[in-house]
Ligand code: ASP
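First, one chain by itself: the form predicted alone, in structure tokens.
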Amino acid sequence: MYLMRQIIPAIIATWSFGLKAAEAGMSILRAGGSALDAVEEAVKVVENDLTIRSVGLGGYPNMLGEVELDASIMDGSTLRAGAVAAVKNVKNPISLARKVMELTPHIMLAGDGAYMFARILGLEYRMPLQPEAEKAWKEYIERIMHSRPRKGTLDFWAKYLHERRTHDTIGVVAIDEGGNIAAGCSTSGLAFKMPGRVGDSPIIGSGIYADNLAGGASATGLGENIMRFCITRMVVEYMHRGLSAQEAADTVMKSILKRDENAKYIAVIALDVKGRPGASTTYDTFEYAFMTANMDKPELRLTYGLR
């Protein structure tokens, strides 16, 4: 007779605003809810905070002054996923991404198609730019008009955006009492990006990946660098080979830096099948939140960049 291994629900989320995300998700897990529900609720809490400039409709706009959002979610029990990219006028793109997964035969909808789907579902939500975001956008346009940046250099934009810290994706990974793993993320993307620019967040295998047989991961940082390496799929694959979440995350970061020592502004969080957390980065430092059902409140943890 086999005894099922008891799983202690756990959740991990990126950056300091991940604290409230982890707490919201854990309320679902403690009630016996699914990892998928926990991830969606955790991400929504951050999307709904209009003071955050890198997630949701409170985020910084593109070059034209329009907020375009990316999000994705993945169910590790089935490997089903849903994503939306460059969608406007949607309050909770993570919920729209889940509807793509559950109600359509597709994985990703983008732009006008994603918006039309949101309207059909009643998820359309229009609001003006937040005053701080609008002010920053106008200052940006003014600065660009009076400057001569080197055209087409990723380093220029990476340095500028890193200093403004405007690409802090909310990424979440959770495991429920049944051992099911889910991952999700959401972002408004790079501040003042080119219209239609899509980063790693809605890309399965780059922004997120989840597999009940191994674990789950979510990435944050400069999407152009993250997409080059398909980071989250790599992390989950190493966990599938038997590495812990922390070992897998570090192994992937080391392999990236070995391939390209200038691959900056990348971070990843992970949970393995035992609910153990992992986080690694090429930033100088990276903050993330972690919580289990045995903890009274989530912890904000700090990891240092690999060199």
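Position 1 is the first residue in the sequence shown; the rest follow in order. This is a predicted model, so every value here is computed, not measured.
The following text describes the form predicted in complex with this ligand, which does not appear among the structures shown.
- The contact with this ligand in the predicted complex, taken as any heavy atom within 4.5 Å, belongs to Leu222 out of Val100, Met234, Val87, Leu222.
- Of the candidate stretches 110-118, 89-97, 125-133, 213-221, only 213-221 has residues whose heavy atoms lie within 4.5 Å of this ligand in the predicted complex.
- Using a 4.5 angstroms limit between non-hydrogen atoms, Ser201 touches this ligand in the predicted complex.
- When contacts are judged by a 4.5 Å heavy atom cut-off, Glu177 does not count as touching this ligand in the predicted complex.
- With a 4.5 Å cutoff on heavy atoms, Arg228 does not count as touching this ligand in the predicted complex; it lies far away.
- Although the partner is absent here, Ala81 lies well away from this ligand in the predicted complex, with no heavy atom inside 4.5 Å.
- Along 179-213, residues Thr187, Gly189, Leu190, Arg197, Gly199, Asp200, Ser201 each place a heavy atom within 4.5 Å of this ligand in the predicted complex.
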